[in-house]
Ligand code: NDP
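Below sits a lone chain in structure tokens, taken as the form predicted alone.
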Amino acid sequence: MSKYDFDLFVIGAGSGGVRSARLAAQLGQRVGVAEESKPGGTCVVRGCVPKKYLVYGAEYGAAIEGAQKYGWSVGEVSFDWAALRDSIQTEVDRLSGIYATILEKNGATLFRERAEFVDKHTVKLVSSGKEVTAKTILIAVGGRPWMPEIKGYEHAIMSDDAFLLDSLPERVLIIGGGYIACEFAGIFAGMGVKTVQAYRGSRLLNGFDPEVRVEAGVLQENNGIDTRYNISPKEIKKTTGGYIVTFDDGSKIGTDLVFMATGRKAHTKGLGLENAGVKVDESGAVKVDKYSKTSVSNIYAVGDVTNRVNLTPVAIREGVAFVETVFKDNKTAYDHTQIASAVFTRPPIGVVGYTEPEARQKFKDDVTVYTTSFRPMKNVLVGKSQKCFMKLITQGEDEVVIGIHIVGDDSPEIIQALGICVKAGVTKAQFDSTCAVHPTLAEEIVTLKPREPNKTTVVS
């Protein structure tokens, strides 16, 4: 008999934790899982899934308006925030229940309470006070929103709160320029809220390709979002009519709701990692090697808590690799390169591979860039000015495709397939030899021409 209560104990029942627990349990391991919130984690409960539903909801307003140009008669239109909010939460509860069922059906024991480390083999279940031991422990607690503690910051909400608002405000100020800020700005604007987005940088979406960053600013403006650059908040003051936010340049913005979308951090505060000897970096993220092992030999970590690539599918893949390594004696490290991802702005953004600055830094002049910008068919009939932008980056004489960036309708769906091409090392010639599907937006990716000589875009 083992001297431990469990062979594996997982702290966190998000996507990475549940996948790891299920696979280990299927191998006959005794598995325990602790979750302080709803099973499903950030993605299901307060992230990808409910956010995507909000994006869908925001898109209907413009679609209804544009439908008249396509011959549809439209009567009086109204939007019911509470109806959408409650429908989404019903679906969140359903999906969360599925996650719990997956664990239980595969023989894992689910503890619906917070767990904290006592030592490297022991965790304490906080609500019940029970202590349990495990041979191996997996940290999969994810991340949480973070906001700067400026004066009056307690008056602001974060992304977790946005899904449960009692009512929509007439005005919202979103502070931040990352993907969460950009997505929620598009959501609120699409629902008829007067939206201001304030960002400390000169362009949105830091870390993305420079030309994508330019396009992101354009699409926000096309959605009626008042985007302000190069300003940082200093104080939030509550007034009888809402809030006044003062910025470092002396400007002030009045609003009914302040939404801080200023980043996320690993959810390790108070987890007791020091009791187990687990090392973290300066931001609180758990340090791991390529096999997801921490500084303690029997403790591993996957997902956003490690701050490697903070995407749900990546957490799942890391969880699979963890089980292969620890329980199947098959040391497996997940490859974090060339991962396709999307930003669900309106329209969305899909990217995979190198940005142009990254490519030129690594390969110098051995890089060729192809771009196009055009108005999709759907937008022409309704008189919508929003264009689609595509960029393809190649390297070497064979012109291996090393980066693709798309801003436009259906780009997340397109980039999923194109991610396979980049991962497989497909060349530009192979793209060109592929017959286009006409008329589609995606056909442009196999007809791209080189960017004009000496045309470059520099964005700080």
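Given the structure is predicted, the values throughout are model-derived calculations rather than measurements. Position 1 is the first residue in the sequence shown; the rest follow in order.
Beyond the structure shown, there is the form predicted in complex with the named molecule, which is absent from this document and is the topic of what follows.
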Single option in S232, N379, N106, T332 placed near the named molecule in the predicted bound form, where near means a heavy atom within 4.5 Å
S232
Quick one: of A181, I225, L257, A359, which gets a non-hydrogen atom within 4.5 angstroms of the named molecule in the predicted bound form?
A181
Kindly indicate whether K51, N206 and R264 are, all three, within 4.5 angstroms of the named molecule in the predicted bound form, using heavy atoms.
yes
Just checking whether P347 would be counted as a contact of the named molecule in the predicted bound form - the rule being heavy atoms within 4.5 angstroms.
no
Exercise: F117 in contact with the named molecule in the predicted bound form, heavy atom 4.5 Å:
no
Against the named molecule in the predicted bound form, would G176 count as a contact residue? Criterion: heavy atoms within 4.5 Å.
yes
With the partner left out of view, is Y370 within 4.5 angstroms of the named molecule in the predicted bound form by any non-hydrogen atom?
no
Exactly one listed stretch (67-75, 163-171, 278-286, 141-149) reaches within 4.5 angstroms of the named molecule in the predicted bound form by non-hydrogen atoms, and it is 141-149
Neighbours of the named molecule in the predicted bound form among 433-451 [non-hydrogen atom within 4.5 angstroms]:
none
